[in-house]
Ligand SMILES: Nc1ncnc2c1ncn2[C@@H]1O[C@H](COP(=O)(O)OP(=O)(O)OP(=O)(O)O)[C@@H](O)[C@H]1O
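Heads up, the chain below is alone and in the form predicted alone; it's given as C-alpha cells.
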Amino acid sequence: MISEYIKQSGESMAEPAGKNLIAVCGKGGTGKTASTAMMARTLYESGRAGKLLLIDADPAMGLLSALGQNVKRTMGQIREKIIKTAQKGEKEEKARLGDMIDYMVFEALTEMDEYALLAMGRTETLGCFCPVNTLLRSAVETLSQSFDTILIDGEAGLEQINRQVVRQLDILLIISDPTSRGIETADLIKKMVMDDNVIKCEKLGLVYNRVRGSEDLLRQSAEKIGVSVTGFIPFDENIAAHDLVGKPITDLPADSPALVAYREIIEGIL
C-alpha cells in the first residue's frame, strides 16, 4: 500500500530537487509547537516545500490543535494493536496483521490540500517493544520517501524522534526562550547530537522565541555553548490571543510579527 502510494505520488509531481527533513525540539514551554505550526504555514505558502508532510511526534499532540486539525488514527494506536495481537498468540491473526502494517500506517495519514499529517500519539502498553517500534519507524520512513519536505514537532529531547520517526535529519532547530534554563537545555540537546550521536544531523540551529530585546546578549550565550543562532522570534500578542480562545496558530494575521520572523528563517534554511 505504501509503495503504491509512493508510486502514484511520483507520477503526479515533478522530480523533487532534494529533500529536507526538519525537526523542532526544545524544553517545555518555549513555544515549540506554535513555532512548528508557523513554520508549516510558511513552508506551504512559500511554494518551496513541494509535497509537505507534518509529523506530530509529541505524545501530547499539541500540533493538531495548533493546526486546527484532527486525525482518525495515531501511530500509537497502531502500535497497541500490533502488541495486543502478538500477545494473543493466534497465528492466523498475526499473519494477517503483518500484511496490514503498511496499510494501517497509510490509513493514519491525513491529507489536506496544503500538507499531509501524521500523529505518533500516546502508547498505553508499558515496556520496551523494540521490534514493534523499529517496524513502525521503518514504515514511516518508507512513507516519508514520497514527500519533499518533512517537518517534525518533537517533545523535549531527541530520543523520541530517534526511536519512533527518523534516524537522520537535515536540519534540527532548537527552540529556546530567552532564559538561562532555555540555554542549558539547548546545550544538552547539542551534546546529545554532537557527542552522544543520538541522531545524525547535518545542520543544528537555535531559535530564540518570545524575544523582547537583548539580542546581542542572547547571541553571546549561544556562542558560549557552540550553537549558531538561526533567528529571533519577537514576542507576539497575536499568538497569546489565539491561544486564549483556541484558534489555530495557522490562522494568525499575515503580518503577525512572529510569522514574519519565521518567513525569514525558512527563507534562510531552504
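Fair warning: this is a prediction, and the values are worked out from it, not measured in the lab. Don't overthink the numbering: it's just position in the shown sequence, from 1.
Another form exists, predicted together with the named molecule; not displayed. Remarks below refer to it.
A.B. asks: Spot the stretch among 197 to 205, 44 to 52, 237 to 245, 213 to 221 with residues whose non-hydrogen atoms come within 4.5 Å of the named molecule in the model of the complex.
C.D. replies: Of the options, only 237 to 245 has residues within 4.5 Å of the partner.
A.B. asks: State yes or no: in the model of the complex, is some non-hydrogen atom of G226 no more than 4.5 angstroms from a non-hydrogen atom of the named molecule?
C.D. replies: Residue-level check for G226: no, no contact with the named molecule.
A.B. asks: G68: heavy atom within 4.5 Å of the named molecule in the model of the complex?
C.D. replies: Heavy-atom contact with the named molecule at 4.5 Å: absent for G68.
A.B. asks: Is A23 near the named molecule? Define near as a heavy atom within 4.5 Å, in the model of the complex.
C.D. replies: Because no heavy atom of A23 falls inside 4.5 Å of the named molecule in the model of the complex, the answer is no.
A.B. asks: Is A57 near the named molecule? Define near as a heavy atom within 4.5 Å, in the model of the complex.
C.D. replies: No, A57 sits far enough from the named molecule in the model of the complex that none of its heavy atoms falls within 4.5 Å.
A.B. asks: Using heavy atoms and a 4.5 Å cut-off, decide whether M39, L151 and L173 all contact the named molecule in the model of the complex.
C.D. replies: Checked in the model of the complex: no contact with the named molecule for any of the three.
A.B. asks: Would you mind checking 21 to 40 for residues with a heavy atom within 4.5 Å of the named molecule in the model of the complex?
C.D. replies: If the 4.5 Å heavy-atom criterion is applied to the named molecule in the model of the complex, 21 to 40 yields K27, G28, G29, T30, G31, K32, T33, A34.
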